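A lone chain, given as structure tokens: the form predicted on its own.
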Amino acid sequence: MKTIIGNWKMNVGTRESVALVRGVLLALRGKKMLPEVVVCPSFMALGEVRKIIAHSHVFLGAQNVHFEDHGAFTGEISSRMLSEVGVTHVLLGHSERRNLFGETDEMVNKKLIHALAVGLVPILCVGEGQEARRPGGTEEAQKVVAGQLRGAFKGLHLRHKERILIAYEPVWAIGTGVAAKPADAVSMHVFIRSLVPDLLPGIKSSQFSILYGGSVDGANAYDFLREDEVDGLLVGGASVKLSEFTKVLQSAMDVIEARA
């Protein structure tokens, strides 16, 4: 199985989101070998997008959630509010949340524990910055990612049916047009896959997947997806361009069909 997630960020309004998700459904229509597809529109568009994807194979994701059920948290959104509009997945710890809005590993940890407790599938984002990716900086990059994973998983005890998606998104590749080389992504995915069982004892391989994100588009999606270590993609800017996102989805379907 391959997973494709579209993070629409703050790029499209409700009307555009509806048109975009209609196009996504059209691209998947009649296809037998489908990837797991999740779209993450803005909070304002969640309800309308849900109406379109109801009874389809597309899941609804949110871009953030607070770790409390309710309270005086102006501008935040709770898991209860998300569940009411059919959200099943939620992005946590995206580098833009960490770097622009000051989210710490402790906050991400609280959100992760809460999301799992209420039945949401968390999409945990991790990744190193440019300073850790200089020539010969592989060990430093791994240290950054390992630290983020340890912080996110602190005190977490995964139950039998719970599942986590881990999105490796090197910060230097997000929105820059410069994606990681597939071989480098594979190397980090191997590292993450080896580390997770130590951080979450007893976790089964079926309970977590590792995705790549960072300047993914229709031109390079297949190169990543054909790698066994890459369980899917978290797509940013290209996911709000229907022609590009359709190519990404088609690449996933091609890989799945080739392995069937």
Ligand code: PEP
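Numbers for residues come from their place in the sequence shown, where the first is 1. Small disclaimer: the values here were computed from a predicted structure and weren't measured.
Separately, the form predicted in complex with the ligand exists; it is not shown, and the next lines address it.
Contact with the ligand in the predicted complex, defined as a heavy atom within 4.5 Å, holds for exactly one of Leu82, Ile174, Ala115, Val108, namely Ile174.
Proximity to the ligand in the predicted complex, defined as a heavy atom within 4.5 Å, singles out one entry of Asn64, Ser215, Ser42, Gln207, which is Ser215. In plain terms, the part of the chain that comes close to the ligand in the predicted complex, with a heavy atom within 4.5 Å, is 91-99 out of 155-163, 115-123, 91-99, 70-78. Within 4.5 Å of the ligand in the predicted complex, a heavy atom is found for not a single one of Glu36, His57 and Val248.
Among heavy atoms of Val49, none comes within 4.5 Å of the ligand in the predicted complex. Within this chain, Glu128 is remote from the site of the ligand in the predicted complex, having no heavy atom within 4.5 Å.
The ligand in the predicted complex comes within 4.5 Å of no heavy atom belonging to Thr3. Although the ligand is not shown here, in the predicted complex the stretch 221-260 places heavy atoms of Leu234, Val235, Gly236, Gly237 within 4.5 Å of it, in sequence order.
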